[in-house]
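Presented below, as structure tokens, is a lone chain in the form predicted on its own.
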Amino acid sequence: MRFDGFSKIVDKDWIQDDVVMISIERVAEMGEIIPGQFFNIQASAAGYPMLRRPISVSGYDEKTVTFTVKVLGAGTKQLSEHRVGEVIKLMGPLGNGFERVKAKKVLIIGGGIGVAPMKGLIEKLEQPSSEIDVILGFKDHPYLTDSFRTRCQRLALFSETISGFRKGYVTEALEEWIKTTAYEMVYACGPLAMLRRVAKTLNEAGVPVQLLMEEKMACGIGACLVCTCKTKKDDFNFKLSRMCKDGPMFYGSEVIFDEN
């Protein structure tokens, strides 16, 4: 089911100078929501910028849906300026989210604002049947970490600029941990370079990984073909898949990354 209409903002919380959590009323017509799905949100009532902004779901319950928005440009800035009590226009849930498979050993990897949908995922994974490890990487100070800390057995936090956290890349911890832990499923979301390295490492290790791909989107429903990526068609050919319609979740074994 895809809802296209208005919903009221019921809560707003700045968690960093440029990162805000916005919760809206969960309208019944939205139907089922799956972690990893997103909504296309109109930035302002004035209709500028014209294109809606695709924002992943970072949490939901029976009454609310929460988005974590990083202010990166004019659209997300206007979206962040909405106040509690105002209504926003949005469409969703859109795309294919994560497949929550039964697995004893699970690893979650998030980078940057890609941490937000991973929060939505870990809150919905079966507990306590899964033993969950988490690796998160940030440019500056980490955020949303409490949601992971209370739900995982092991947590590694990386920051490029803030002391007191590990320096380097999340893939360093990944390469360390897969040597000693037999993960049955890995979930990851973050910058393209991170996902490329994660997929390569886990494909070579024979460990399944679900990647939540990020790309600029326009329509959000697969019509404009802006957000395509290469995926395997067979052993010798590839096809262009639409991240918003065919994804944004793809298995690491099916995505073809361009080499830089």
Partner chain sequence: MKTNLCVDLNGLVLKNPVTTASGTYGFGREYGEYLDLSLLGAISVKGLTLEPREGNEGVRIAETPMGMINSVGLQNPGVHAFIEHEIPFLRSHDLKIIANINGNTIEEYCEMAQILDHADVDSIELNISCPNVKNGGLAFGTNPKVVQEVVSRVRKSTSKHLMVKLSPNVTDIKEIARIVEAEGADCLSLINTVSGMAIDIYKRRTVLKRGSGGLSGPAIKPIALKLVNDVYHTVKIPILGMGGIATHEDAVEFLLAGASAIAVGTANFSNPKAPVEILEGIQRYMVQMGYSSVTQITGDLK
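Since the model is a prediction, treat every value here as computed from it, not as a measurement. Numbering follows the first chain given and starts at 1.
What comes next is about the form predicted together with the partner chain, which is not displayed.
Taking non-hydrogen atoms only, Ala173 never approaches the partner chain to within 4.5 angstroms in the model of the complex. Among heavy atoms of Lys89, some come within 4.5 Å of the partner chain in the model of the complex. In the model of the complex, the partner chain sits beyond 4.5 Å of every heavy atom of Val115. When contacts are judged by a 4.5 Å heavy atom cut-off, Lys232 does not count as touching the partner chain in the model of the complex.
The chain is drawn here without the partner chain; in the model of the complex, the stretch among 24-32, 59-67, 215-223, 197-205 whose residues come within 4.5 Å of it by any heavy atom is 215-223.
Taken together, the three residues Lys102, Lys105 and Gly168 all stay farther than 4.5 Å from the partner chain in the model of the complex, as judged by their closest heavy atom. When you look in the model of the complex, the only residue of Leu94, Ala188, Val134, Leu144 with a non-hydrogen atom within 4.5 Å of the partner chain is Leu94.
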